[in-house]
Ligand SMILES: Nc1ncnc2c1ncn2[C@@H]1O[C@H](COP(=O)(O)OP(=O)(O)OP(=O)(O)O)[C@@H](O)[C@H]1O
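Only one chain is given next, in C-alpha cells, and it is the form predicted on its own.
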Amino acid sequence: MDRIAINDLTKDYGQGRGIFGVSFSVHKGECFGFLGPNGAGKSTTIRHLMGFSTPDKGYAAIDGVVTVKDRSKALENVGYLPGEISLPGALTGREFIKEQSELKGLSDYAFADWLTALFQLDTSLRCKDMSMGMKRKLTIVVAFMSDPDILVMDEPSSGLDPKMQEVFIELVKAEKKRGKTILMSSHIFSEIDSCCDRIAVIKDGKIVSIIDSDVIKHNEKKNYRLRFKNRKDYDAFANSQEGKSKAVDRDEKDLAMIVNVEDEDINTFLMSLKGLAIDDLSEIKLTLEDYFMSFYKEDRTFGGL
C-alpha cells in the first residue's frame, strides 16, 4: 500500500529551475530516501507534497488525498520536519512545544519529554537565543512527539553535531521498526544509507534513478584493484581477460588496474590470475556515494555535498 504518491509533479520557475515530471511512491512501513545536492529539487518536491505550493502539472497525495486540495485531511497523521527553520523568537522551547501540542490536540507530554531528554534539548531558552543545532532539535521533537504514522523530513539532521546525528539516525531506525512510513530528503550519504529501504536520486529537478538500497549494498558487479609485480604478467592479464570481467581503469606506470567482474564470473576471474605474479588484490566496495556520483561525475561542484 502506498501512503505517499507523487505523480508527474512539475513546477517550472523558468531558467531550468524547478521540478519536472517527478514521480515516486512510498510504501507503508518504508523509509524512502530522497537524495540530491542543494538546489536539485528536493525541498520543492516536499513543499508540494505538504500542500504549500500548487504544481503546474501532476499531483502529490498522502493516503489517497491530494494535499493541495484538502491539506488538513491529508496531513492529519503526518509529522513534518522542514529544511528551513523559522520559529517564534519570543517563545521558549517549552512554550513552543506546548503550543504545537495544543494544535495537534495532545495532552500527554511524556513522549515529548522523552525526546527532549534524548536530544539534550534545553527548552528553557527562547527560540531567538537558540543555536541552529538547538533549533533543529526542537523541530525534531515537535515532528515526532505526536507519534504520527507518516514522517516527512527535509534535511532533518542539518545543523546537528555528529553525536546528535547518530542519535537521530537511531531514532529513525527505531520508528521504522515500529511500522512508520518515512520520506527523508537529504544530501548526507550516511543518513540515507543507514535508514532507507529505497532511494531516489534527483538531479536538475528530475528523478534520474530509484533503487533498492540492497542492490547497492549487495551489488552483483564487483570491482577489484589489481597490482602486478612485473610488466610481463600485467600485459598477459590485460590481453587475456575471460568471461564478463573488464578493465575499467589502468595505471601503466604502477602496473595496476581496476577490473569489473560479475558475481557469476568471479571463479573464472580468479583462475585467470593463476600463475601470475600479483603484488596486491583487493575488492573495492561500491558505496551509496559512488552510486550517486555516477550521475554527477561530469559536475565539478555539488552544492551542499
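The shown structure was predicted, so the numbers you read here are calculated from the model rather than taken from an experiment. Just count from 1 along the sequence shown to find any residue number.
FYI, the form predicted together with the named molecule isn't displayed, but the following is about it.
Trainee: Is residue 40 close enough to the named molecule in the predicted complex to count, meaning some heavy atom within 4.5 Å?
Mentor: The answer is yes: residue 40 has a heavy atom within 4.5 Å of the named molecule.
Trainee: Find out whether any non-hydrogen atom of residue 180 is located within 4.5 angstroms of the named molecule in the predicted complex, and reply yes or no.
Mentor: Judged by the heavy-atom cut-off of 4.5 Å, residue 180 is well away from the named molecule in the predicted complex.
Trainee: Going by a heavy atom distance of 4.5 Å, is residue 17 a contact of the named molecule in the predicted complex?
Mentor: Although the named molecule is absent here, residue 17 would touch it in the predicted complex, with heavy atoms inside 4.5 Å.
Trainee: With the cut-off set at 4.5 Å between non-hydrogen atoms, does residue 198 touch the named molecule in the predicted complex?
Mentor: So residue 198 does not count as contacting the named molecule.
Trainee: Looking at 176, 222, 135, 187, which is the one with a non-hydrogen atom within 4.5 Å of the named molecule in the predicted complex?
Mentor: Filtering the options by heavy-atom distance leaves 187.
Trainee: Can all three of 27, 30 and 213 be found with a heavy atom no more than 4.5 Å from the named molecule in the predicted complex?
Mentor: No, none of 27, 30 and 213 comes within 4.5 Å of the named molecule in the predicted complex.
Trainee: Heavy atoms within 4.5 Å of the named molecule in the predicted complex: which of the stretches 40 to 48, 232 to 240, 61 to 69, 254 to 262 has them?
Mentor: Among the listed stretches, the partner-contacting one is 40 to 48.
Trainee: With the partner left out here, which residues of 133 to 170 have a non-hydrogen atom within 4.5 Å of the named molecule in the predicted complex?
Mentor: The stretch 133 to 170, when checked against the named molecule in the predicted complex, contributes only 155 at the 4.5 Å heavy-atom cut-off.
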